[in-house]
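Below: one protein chain in two forms, given as structure tokens, structure 1 then structure 2.
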Structure 1
């Protein structure tokens, strides 16, 4: 009896998990499917799920109308650049807070996070004016800078929690073993911190890749990343669902592939070091 009950539970929960997994994945699937429909079929009611006239003409049009490669390149530079710079600043910051905390460390951490509690739109006007004055509008450097600052608190928090997990004893053992700070870093700390660093890097990359508020407001064409590229299909000449879907699919494809191959690291990152 007991065994049958467990089997049934496993079956039910497996079905449930697949169902919810599919539910969550559905918007992405629908977007990909729509990108292969004609504009007419794209908003046909009732919609057809698989049996429509498959076409790749949306992709051709999108590619013809705008320069996907330019935007993709911008996305790579902006997301990658802001992530790397954020890590460069965050590693020493989190490091010192985790390994030589002071009475104010907790306050500093909270204060940093507090900047994320303010809606970005609240500072749009001043930032816009500053950018205008310094000629940073529609420049890659400007976007790298703002995204880096925007994500810095989260990066520091994540790294802080990872570094905190590294037992002090091990660092002390290394000191007793005669490791200098530099060698302790190379041989002990970095290898132990790599999973944490990797998941922080990946998560931040995704956040920066999909960031749309600042990129939409501070760029128009030259520095515009893929988010702006998608947005350009949603308004100008009415809605073109199929083309919008094609553009979106193109935009998320690189990050989706990256995410797929780094699932394990990401899960660790999202659970924020809660499970060891």
Structure 2
């Protein structure tokens, strides 16, 4: 009886997981299908799921109208650069908070997290004026800087929780062997926290890749990433759903592939230290 109940629970859980997984993935699937339709078929009611006239015209039009490779390169540089700089700042900061805390450490952590609760539009005007004064508008450096600052609290919080799971005795043993702080960070702490570092890097990369508010307001053409590339297909004449879907598919394809191949590492890092 217990075995039957267990088997039934596994079957129900599996069906439920596949059902909710399909619900989450369905918008992406529908977007990909719409990208292969004509504009008339994209608006057709009732909509056609698979049986329609498949065409790649939208992808050709998107490539002719916009330089996809330029926008993709901007996204790679901006997301990758902001992620690497955030990690370089967050690793020593999280180390100091985890292994050399002060009475103000928790207050600082809460303050950093509270900055994420403020809507970005609240500081848009001063940030825009500062960028205009220093010539950082529509520049990769400017976007790397603002995305790094925006995601830095999350990176520090994640690394702080990972570092707290590392036994302090190991670091003390390294210090007794004569390891300096730099060697302790590079040769002892970092290798032990690779799952946490990898998941933090991937999550921050995804957040920077998908950032739309700052990229739309601080870039126009030269440094415009793929989020700006997608928004360009919204015009006063209306939304061109088929072309918009093609542009969106091209924009999410790289990060979707990266997430698919790194999902095990991401899950491993996010659950790092959860099971004792």
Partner chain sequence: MGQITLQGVQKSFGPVHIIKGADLDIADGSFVVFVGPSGCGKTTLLRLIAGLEDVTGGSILIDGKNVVDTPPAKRGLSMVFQSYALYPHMSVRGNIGFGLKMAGLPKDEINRKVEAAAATLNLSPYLDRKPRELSGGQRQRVAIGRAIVREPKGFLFDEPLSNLDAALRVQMRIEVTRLQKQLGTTAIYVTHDQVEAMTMADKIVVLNAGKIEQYGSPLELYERPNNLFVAGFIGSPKMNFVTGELAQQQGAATIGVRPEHLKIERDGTGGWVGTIAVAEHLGSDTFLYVDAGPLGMLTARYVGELSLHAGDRVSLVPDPARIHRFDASGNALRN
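Positions refer to the first chain, counted from 1. Treat the numbers as computed from the prediction; the structure is a model and nothing was measured. The term rigid core refers to the maximal set of C-alpha atoms that superpose within 1.5 Å between the two forms.
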(request) Determine, for this pair of isolated chain forms, which one is the form predicted in complex with its partner chain. (result) 1
(message) Taking the rigid core as the reference frame, tell me whether residue 206 has a CA displacement of 2 angstroms or more between structures 1 and 2.
(response) no
(message) Relative to the superposed rigid core, does residue 257 relocate between structures 1 and 2 - that is, does its Cα move 2 Å or more?
(response) no
(message) Tell me whether residue 91 is among the residues that move between structures 1 and 2 (Cα shift of 2 angstroms or more, core superposed).
(response) no
(message) Fitting the two forms on their rigid core, what distance in Å separates the Cα positions of residue 175 between structures 1 and 2?
(response) 4.1
(request) Enter the rigid core superposed C-alpha shift of residue 12 between structures 1 and 2, rounded to one decimal in Å. (result) 2.4
